[in-house]
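Next up: a single chain in structure tokens, the form predicted on its own.
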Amino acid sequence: MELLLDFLARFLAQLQAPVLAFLLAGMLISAVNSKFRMPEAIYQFCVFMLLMRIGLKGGMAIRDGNIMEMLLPAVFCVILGIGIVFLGYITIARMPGIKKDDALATTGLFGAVSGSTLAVGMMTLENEAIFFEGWVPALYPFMDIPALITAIILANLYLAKQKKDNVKVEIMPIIKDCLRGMALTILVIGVLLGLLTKPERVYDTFFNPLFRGFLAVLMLTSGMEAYRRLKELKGVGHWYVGYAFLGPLTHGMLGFGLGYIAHVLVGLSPGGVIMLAIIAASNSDISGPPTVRAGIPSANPSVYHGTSTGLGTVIVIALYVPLFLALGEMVFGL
């Protein structure tokens, strides 16, 4: 009961938060068929600013931190990324009327990580003055890449079996394609700069102060895109709507559970546990879709993009970020 009351209080607060307000405003702009369009260059710059800030902070934290403390959470992220795809393979992919390549493309995105949701989670914890290790956001690729690789391999093996072809799936091109994705490239470069150089001054005077403003612009743009994708999703089946609600909740709870084990074994902070849950619950809405489109060309973008961008991101930001924050408060007495 206490968890429910805390969640409801945080959910109401989240509705008034600028992040969700801008996301809903973007959806409203699309709903009324406004002619307003965010220039692509501005959107790309906002993504760069957010992910570079996350990467720089993560790199600086890794430089000053204990590598052994990071090892177990990184392994857990790999397990989560692969496990989420296999979980989807035995659930949503087996529902009546569901094409397995569509389902695997979708679960690949839900096993991967949303840069925007990651940024929202960080800002939420910072607003609540809840400490989390600066290197936790740098776990992004440890979940993102394994999930996308697993989904693409399973989908191609399935399609080859259907066609009775002896198709060999090359893993290295998939890894390279993931690493060349916009979001992951920026994040990895930011981590390397934070790790190998001393960017504290530019971080403190430029990237960090502008973080919230650029996140608001990104949420506005994401809301416009989400509404468009949501309209596409209406014609492809109700199973994906259920998955968009239940999938992130299940994945986030798995992330919270593994985070708690890391808390006991290597001292991961309560804030780090909450962040791991948010990362696990998120679904790729920036870098993942192009990788899936190239790796599983037979999959319907209206399905996987609509489920991820149209529903998943909105649901996680509105519902599950406050839920895992409330759960963390209950478990750790924050």
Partner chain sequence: MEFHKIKKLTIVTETAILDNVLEIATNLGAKSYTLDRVSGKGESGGRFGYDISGILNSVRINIIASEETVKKIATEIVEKYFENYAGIVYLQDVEVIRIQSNKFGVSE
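Residue numbers count along the first chain shown, from 1. From a predicted model like this one, the values you see are computed outputs, not experimental measurements.
Keep in mind that the form predicted in complex with its partner chain is not shown, yet the notes after this line are about it.
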### Task
Evaluate residue 85 for contact with its partner chain in the predicted bound form, applying a 4.5 angstroms cut-off between non-hydrogen atoms, and reply yes or no.
no
### Query
Even though its partner chain is not shown here, does residue 298 get within 4.5 Å of it in the predicted bound form, heavy atoms only?
yes
### Query
Do residue 117 and its partner chain share at least one heavy atom pair within 4.5 Å in the predicted bound form?
no
### Task
Give a yes or no for residue 65: in the predicted bound form, does one of its heavy atoms lie within 4.5 Å of a heavy atom belonging to its partner chain?
no
### Task
Work out which of 218, 136, 148, 104 lies within 4.5 Å of its partner chain in the predicted bound form, going by heavy atoms.
218
### Message
Please pick out the stretch from 262-270, 37-45, 275-283, 66-74 that is in contact with its partner chain in the predicted bound form, where contact means heavy atoms within 4.5 Å.
### Response
37-45
